[in-house]
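Only one chain comes next, encoded as structure tokens, the form predicted alone.
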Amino acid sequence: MNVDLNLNDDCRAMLSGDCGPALQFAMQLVERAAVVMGATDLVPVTFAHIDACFYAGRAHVDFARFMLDSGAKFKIPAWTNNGLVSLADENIRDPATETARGARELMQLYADLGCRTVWTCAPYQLPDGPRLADHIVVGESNAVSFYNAAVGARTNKYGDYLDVACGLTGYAPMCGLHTDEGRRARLLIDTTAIPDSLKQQDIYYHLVGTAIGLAAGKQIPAIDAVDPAVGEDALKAVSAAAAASGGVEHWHGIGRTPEAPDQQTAFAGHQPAQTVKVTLDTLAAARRSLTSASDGPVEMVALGTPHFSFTEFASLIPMLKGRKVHAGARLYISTSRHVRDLAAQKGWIEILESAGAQIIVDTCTYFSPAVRGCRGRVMTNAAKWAWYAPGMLDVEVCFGSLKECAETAVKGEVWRDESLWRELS
């Protein structure tokens, strides 16, 4: 593809090597990506969420080391995704393994490059992040979807190394979801067949997000008539589930998300190319796609994928306060250090740890073997965990609501809220 790329003096200086070898290489990556993506211009970016800090081999370390040794520093605010290991708790992973050593080395390199070391896959739960219409660079799938949909910031899904290159240079290709045309909805998701009572349940948003991903693939869907009072946890659930099941990078919640006050705006004056009707059968099929095990005794309950929020902690506390996790099961809750500290100030972490829960920061429980002995039947309320974990760990998954997960952790075997599932059996 032959594309004439317009470069300003700043970009030309980096490309020519005037700013050193690291920025020259970084700008070469950005330029090449722009050509491949068909962009004719670059757009200045104001924020990056770096996925390349996740260790996947020595090449990641070598790349970061070259950038650091060549004097590079991030030009814009750059926050870290979660890592392969927890720097806060070495008991989560054998600290003597070569992989663990490489992961910790990589995480330190990104700190040295100037990243804000938040180590979370849900950076939108932290203050001082991107705002509506900001052009940003994000690689983590659920965060790409959330920032585009729930915040109205603009990002494509950036792969490892390109995210770093954009963060170092301060520029990204002006194409795709950075453009108005690239952000308009194509599919209308009709949920009128779903009872309002079910839409009030936390599990609904994981299920409808999964169904949307399966139907939309990488197209941009718009969900009809989303309750304006729906909170951030619901938007997170849709974003993560749709990204995991179908690669959705942007979606609109009509009446709720910033770029979709109504259907006409969400579709930029166009008619939907397709309308997908979501029924109870659709949600039941989504539930089945997230459940690979029959009900029975559990070895583990996994919460916090994406990372558990402050409001999710608030919901969980009355379910577990004064109770104990079953002796034959383990309850793991993954979250960010920021949210953990807020929860600790409320006394919630002490309550949960007294109940037998283990709070994990910096990483996620489906990174093998982020949690030792993670095998067998696992209960989760997170569609993303249910979607990915069976391919990464020796586990089978039972999917359920937050309440079901809490009760399952206490009883040591899968507990079902029959009133919730009666319509979805």
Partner chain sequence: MTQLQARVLYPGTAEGPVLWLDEPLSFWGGFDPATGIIVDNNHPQNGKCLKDTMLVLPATRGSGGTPGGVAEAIRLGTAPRAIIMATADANVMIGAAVADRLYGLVCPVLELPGKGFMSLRQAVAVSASTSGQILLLARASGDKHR
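Positions refer to the first chain, counted from 1. Predicted model, so just to flag it, every value in this text is computed and none were measured.
The form predicted in complex with the partner chain is left out here; the points below concern that form.
Asks: Just give me the single entry in Ala260, Ile333, Ala343, Leu162 that has a non-hydrogen atom within 4.5 angstroms of the partner chain in the predicted bound form.
Replies: Going through each option in turn, the one that passes is Leu162.
Asks: Tell me, please, which stretch of 41-49, 395-403, 27-35, 355-363 lies within 4.5 angstroms of the partner chain in the predicted bound form when heavy atoms are compared?
Replies: Answer to the contact question: 27-35.
Asks: Can you check whether Lys236 is within 4.5 Å of the partner chain in the predicted bound form, heavy atom basis?
Replies: Output for Lys236 is no: heavy atoms all beyond 4.5 Å of the partner chain.
Asks: Is the gap between Gly17 and the partner chain in the predicted bound form 4.5 Å or less for some heavy atom pair?
Replies: Gly17: no contact with the partner chain in the predicted bound form.
Asks: Classify Gly376 as contacting or not contacting the partner chain in the predicted bound form by the rule of any non-hydrogen atom within 4.5 angstroms, answering yes or no.
Replies: Gly376 lies outside the contact set for the partner chain.
Asks: How about Asp69: is it within 4.5 Å of the partner chain in the predicted bound form, going by heavy atoms?
Replies: Taking the distances in the predicted bound form, the answer for Asp69 is no, it never comes within 4.5 Å of the partner chain.
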